[in-house]
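Below you'll find only one chain, the form predicted on its own, shown as structure tokens.
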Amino acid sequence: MTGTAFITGVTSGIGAASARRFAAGGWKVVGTGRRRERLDGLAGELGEERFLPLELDMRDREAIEATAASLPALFRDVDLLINNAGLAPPLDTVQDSDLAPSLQAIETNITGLVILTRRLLPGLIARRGAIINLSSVAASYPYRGGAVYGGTKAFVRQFSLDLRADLHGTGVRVTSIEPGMIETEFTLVRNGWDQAASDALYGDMNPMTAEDTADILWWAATLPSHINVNALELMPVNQSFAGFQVAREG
């Protein structure tokens, strides 16, 4: 099975690894991101007939709609949408947080995802395609400082399940992938590019990699068309569940 995959957030991490994985598997890839130089680098690596680089900020509604409406003929027939672009605000509690990064996460992780999905749905329905949305274990398990990010990913998970209900009978598959700790630029961005913070988080714990996750996306996308993976939660073996917090009085 081959086709055309539209993947958001390909300038690093899971998105970049997925673009490489699907291109290596014979797919054409439309890849979006905010960093032009990284898009161009990926295009040079994968080739212009295999990869279409599009500079796109998922907070820009007009740009999303224009992009979806103006794909060139070679990449127009999208068979698979991977909504990967996303970010997290710093690990501040809500009461101590700066509102701007929280709104940026909401606009990117939720609003942009919904707009793009809606714009590509007619073609995906016509081609009996598939949608894979990147949620997170943060959608299910709370942690201090994760209210906004976890809330956005809970939306993505529930949106995926309800979207599948809406698409009943169309043949379109919808999957929510919910990873735990993956060593990418995610933590660097969240902590203002503090390499020490990232190293401390992932040190000596053998986290998942972007390539691990890309392989799972490939597997879900290339299953027989009568099989739908509704939701899939992933963690490295060395990550588990936190205990409850107790505030002592007195």
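For every residue, the number given is its place in the sequence shown, counted from 1. Remember, predicted model here, so these are calculated numbers, not experimental data.
FYI, the form predicted in complex with a small molecule isn't displayed, but the following is about it.
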* Within 4.5 Å of the small molecule in the predicted complex, do we find a heavy atom from each of 34, 85 and 108? -> yes
* Select from the listed residues 123, 145, 151, 179 the one whose heavy atoms reach within 4.5 Å of the small molecule in the predicted complex. => 179
* Asked: Okay, which stretch from 218 to 226, 22 to 30, 40 to 48, 53 to 61 lines the small molecule in the predicted complex, with non-hydrogen atoms inside 4.5 Å?
  -> 53 to 61
* Taking heavy atoms only, is residue 198 within 4.5 angstroms of the small molecule in the predicted complex? -> no
* Please run the contact check for residue 184 against the small molecule in the predicted complex: heavy atoms, 4.5 angstroms, yes or no? => yes
* **4.5 Å heavy atom contact, residue 230 to the small molecule in the predicted complex** => no
* Asked: So, in the predicted complex, is residue 174 in contact with the small molecule at a 4.5 angstroms heavy atom limit?
  -> no
